[in-house]
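In the form predicted alone, a lone chain appears below as structure tokens.
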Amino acid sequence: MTEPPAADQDTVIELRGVRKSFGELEILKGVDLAVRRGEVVVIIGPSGGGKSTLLRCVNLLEPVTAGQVFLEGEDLTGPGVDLNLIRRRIGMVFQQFNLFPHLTVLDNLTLAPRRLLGLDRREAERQANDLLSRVGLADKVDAHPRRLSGGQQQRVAIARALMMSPHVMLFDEVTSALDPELVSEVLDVMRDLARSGMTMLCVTHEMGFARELGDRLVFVDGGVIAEQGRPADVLDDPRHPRTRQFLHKVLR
């Protein structure tokens, strides 16, 4: 197994010996991972290998069975931690859009920052309009989610996560539920985020995105990190037999 880079003062997310079990089924089997500020880490692997569980353990949507999770040096698994406060620093976008169907796009974006951050309506709406312009949806501010395509809804979901000014963004297979022609518009937004210096962990099957913008590619299988390295190195010359087997199937 490839050794992870050592954590340092620029480390935003660190997992130490993280294990996660559901009953007697162990999904993660002692994962160590450190993600530096501004780094784009792309996580790939077979279904059931532990990719999404690993991502959900980062912000403890799935509480870990053992091990520690750190955000900017703070132990999220320690006693007395205010997880709701911590999670404001971690944005997450899921495969399903999870927008409130009865609210407009603008209200979907402004609800959380007004309630949780105390932003007044005018400032929240200003920030929301700026973000909607950034993701190419300035003209959809008054639309309801049902009037949007899947790609548009996913871009709204990304903008909503950014409204909380997160220090890191987690993406869990955000294009897998989209029609192929809609995938590129979501990846374009993720490219913009990566180039702006956002720290990102992305579970994806989009190998082109991984090669183009990933700083590191992490292959997860059987609940462990089997291999990691520069995307071009892992994709073009995988060292682990399981990585070679997986990539032979997905790249052919």
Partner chain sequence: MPSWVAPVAGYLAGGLLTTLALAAVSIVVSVVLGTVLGALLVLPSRATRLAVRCYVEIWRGLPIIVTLFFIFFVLPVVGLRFDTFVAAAIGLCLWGSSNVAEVVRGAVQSVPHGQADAAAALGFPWHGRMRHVVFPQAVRRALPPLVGLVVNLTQQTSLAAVIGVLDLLQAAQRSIERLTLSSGVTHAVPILGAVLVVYFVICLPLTSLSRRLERSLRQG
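All values derive from a computational prediction rather than experimental measurement. Residue numbers count along the first chain shown, from 1.
Missing here is the form predicted together with the partner chain; even so, the following discussion is about that form.
Residue 90 is the only one of 156, 178, 90, 76 with a heavy atom lying within 4.5 Å of the partner chain in the model of the complex. Note on the partner interface in the model of the complex: the residue among 141, 81, 119, 112 having a heavy atom within 4.5 angstroms of the partner chain is 112.
Using a 4.5 angstroms threshold between heavy atoms, residue 98 counts as touching the partner chain in the model of the complex.
Although the partner is absent here, residue 56 lies within 4.5 Å of the partner chain in the model of the complex, judged by heavy atoms. Proximity of residue 198 to the partner chain in the model of the complex: non-hydrogen atoms within 4.5 Å are absent; the residue sits far from the partner.
In the model of the complex, at least one heavy atom of residue 146 sits within 4.5 Å of the partner chain. Stretch 158 to 166 is the answer when you ask which of 178 to 186, 67 to 75, 131 to 139, 158 to 166 has residues with heavy atoms within 4.5 Å of the partner chain in the model of the complex. Remark: all three candidate residues (61, 94 and 102) come within 4.5 Å of the partner chain in the model of the complex, counting heavy atoms only.
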